[in-house]
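Quick heads-up: it's one chain on its own, the form predicted on its own, in structure tokens.
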């Protein structure tokens, strides 16, 4: 059968959906300069493919410009078309960054961090997903049997990721029904968010090869576990040396790290609308689900919103290289670019304001009274998307971190999404979101 090879240029939009256009691969060099046409109101397509209220209407034109460094071309060697796509930036026709381009928003946040802290960010996204099998297996949490059931899928996925230059780490059977976790190594700057999008799409593609459907939905069953996205972060000085660790600091935090994490915790209730942005995200963000429910820093605590991760090195230089912290109040309903940008802006605000390092918890905060929590500076995170959006909307400082017009567009988008699930119960909501992600 005759064919013209195509490549898809993509943006990860407000809904965390990978959208874009395909064009002939032979035109790739030309499209690096001229891009493909894009429409402003596309930003208001929700995860349910319903267009939320848009300030743009039918007006306006934009360009989606491929970034050659993000090209993916994976041949699964199964006599089907390869997965071929590339991430891009959205600009005006004059080549200026568009205010709602999520990738550009992240680049701006990274520039702010570099200016304020003199460091670059090293980060990695750790993903959980589930397979929507008609006859899902029961049990087998963390087991060899559970892994063996999907060994072929895992090995193919790892090979696909490696073909794109991604450093693979591990693949495992998680606790939930047909739930798996895939972990990759860290990258600098915007590349880690690019990798997160590539990982999600190659996971979905690999599952299809095996007759399965992978979903990164935040939670499939209100009575079971959810699928989180854990974002590991550390800092590098301009000469490449680590800037995250200080043996004399609280829990090993350098002064810069302490201020950054303090900023994240201070503004967490207002940025969680961007890191956990679905109506069902808040079913997962509750105590005793190994997720996050309070604005606390934990030491090796998997129920903290931010946790200091364990290290195995004993040599001081190796300790500094291994040392990192993990943001746990996120899921894959969020664009990786927006989630990371929000965290970086909050942390950089902490650096600029020279906030002191936060105290570290090693306890169950859910047993404390509201007064006890307040006295110690802790707050319960929003318990619904509506509440999270309200916190974001009413925090002028947080909204000002983003380009003019973006926050109004984001709020309208998410409220349009909520209208689609208003009359559904939690089980029905989970089912609807499972098809979207």
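Numbering follows the first chain given and starts at 1. All values derive from a computational prediction rather than experimental measurement.
Quick note: we don't show the form predicted together with a small molecule, though the next part is all about it.
By the 4.5 Å heavy atom rule, the three marked residues 123, 192 and 345 all fail to count as contacting the small molecule in the predicted bound form. This chain is drawn without the small molecule; in the predicted bound form, the residue among 284, 103, 173, 200 with a heavy atom within 4.5 Å of it is 284. Note on the partner interface in the predicted bound form: the residue among 226, 298, 350, 88 having a heavy atom within 4.5 angstroms of the small molecule is 226.
The small molecule in the predicted bound form is approached by residue 179, whose closest heavy atom lies within 4.5 angstroms of it. Put simply, residue 232 is far from the small molecule in the predicted bound form: not one heavy atom of it is within 4.5 Å. Although the partner is absent here, residue 209 sits far enough away that none of its heavy atoms falls within 4.5 Å of the small molecule in the predicted bound form. The small molecule in the predicted bound form comes within 4.5 Å of no heavy atom belonging to residue 140.
Stretch-level contact analysis of 308-316, 145-153, 253-261, 284-292 against the small molecule in the predicted bound form, using heavy atoms and a 4.5 Å limit, identifies 284-292.
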